[in-house]
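Take a look at this single chain in structure tokens; it is the form predicted on its own.
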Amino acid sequence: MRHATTVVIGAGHCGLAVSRCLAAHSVDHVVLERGEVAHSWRTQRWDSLRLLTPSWMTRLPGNTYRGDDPDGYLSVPEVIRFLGEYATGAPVLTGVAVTSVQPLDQGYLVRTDRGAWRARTVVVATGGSAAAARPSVPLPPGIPTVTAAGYRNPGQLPDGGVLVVGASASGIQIAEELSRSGRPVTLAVGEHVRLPRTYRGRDVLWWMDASGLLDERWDAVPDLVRARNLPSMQLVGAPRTLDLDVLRRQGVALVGRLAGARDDTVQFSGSLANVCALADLKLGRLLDMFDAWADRAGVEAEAPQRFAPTAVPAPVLSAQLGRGGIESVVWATGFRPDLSFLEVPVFDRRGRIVHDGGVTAAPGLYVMGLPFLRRRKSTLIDGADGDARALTAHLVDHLDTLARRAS
């Protein structure tokens, strides 16, 4: 059995950020990664994907984007290269899958497929996107399906119509790409966050960053559960807006949320108009907030603007599966964490990990990369810096407490 003061699980941007902060505090640690550095970027991203955040937001502790296109959007290979370079010198062990984490007296036993580790503290940095989430809707066995994590390009799907389920960031981008490939595309739309790519001449994420919205803390929001379950923003990694109106004009058929399937028919909710109206209302409130902040801060920008309500087509409540109708389905219904290896009593009755800003009730056990962990931007690369620094400070205090008790 090997020993380390801290075991970090996961060598994505969150785990590497924690490693950098632990090193700054001279905490002996190891980072265990089941695949390679940036594993999810290598295995769960489609070919044409780019970061939704502009490159100037690619910031981690001790490092930031230094290229010549700060307002551009990094491609998947560029993100992998950035994280690979960031990992240089970090104590990362790749190809090591953690099979269980169990509590011990003043620490944890971390079992892997390549031996066990004993550690005083553990940071679970596998994030909130370890596994694709898909609804339990039964489909005929002859209909090919793929999740957003497994989708790579239109060529992997059969010819014919495609149903894309989910209209957040992944769903709208995949729907557009499939439509451009010549396939008839139907997009099932549930709750979504409508955003323009630019507002008043600046990237919308500049407004969210500069106004302090992305730094809003987990302990300052009135409904944290709601905030942690919001859909991802309807954005594309390009200097253009991609929303439901753009998709509709490109020929994508918009329908309501997928409600179920029976035999060779899929059924849709009649809620499309309502969810679009709600998204439009929230967009207006967000832009009002930006304008008010700009006035207070004296920001010079283009004149305020508003966007037309989403044009909602006549409701379609069902569609044919197979036989010239929908020949394949893409589940763009989000992701979930996979903490099945964690054998510590830190879960609620629904199996969700309970934490206070990444600090669990189990002394010395921390989580990173979950939605709104400590700030609204926690799941962004840019959000790992503040979260990693705060959790490392808490971890160091915990180690100091243990040392004082032992002396």
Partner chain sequence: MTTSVVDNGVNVAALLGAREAFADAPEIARFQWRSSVSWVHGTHSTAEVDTFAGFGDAQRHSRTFTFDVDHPLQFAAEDHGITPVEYVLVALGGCLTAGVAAVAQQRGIQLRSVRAEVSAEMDLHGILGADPEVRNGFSGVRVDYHVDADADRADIEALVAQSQKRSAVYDIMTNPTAVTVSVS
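Please read these numbers as outputs of a predicted model, since none were measured by experiment. Positions refer to the first chain, counted from 1.
One more form of this protein should be noted, the form predicted in complex with the partner chain, which is absent from this view; the next part is about it.
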4.5 Å heavy atom contact, Pro135 and the partner chain in the predicted complex
no
Might Arg111 be said to contact the partner chain in the predicted complex, defining contact as any heavy atom within 4.5 Å?
no
Is Glu191 near the partner chain? Define near as a heavy atom within 4.5 Å, in the predicted complex.
yes
Report whether the minimum heavy atom distance between Asp105 and the partner chain in the predicted complex is within 4.5 Å.
no
Quick one: from Trp117, Phe268, Tyr199, Tyr73, grab the residue that has a heavy atom within 4.5 Å of the partner chain in the predicted complex.
Phe268
By the heavy atom within 4.5 Å rule, which residue out of Asp223, Glu300, Asp263, Asp219 makes contact with the partner chain in the predicted complex?
Asp223
Within 4.5 angstroms, counting heavy atoms, which one of the listed stretches 276-284, 327-335, 151-159, 171-179 is next to the partner chain in the predicted complex?
276-284
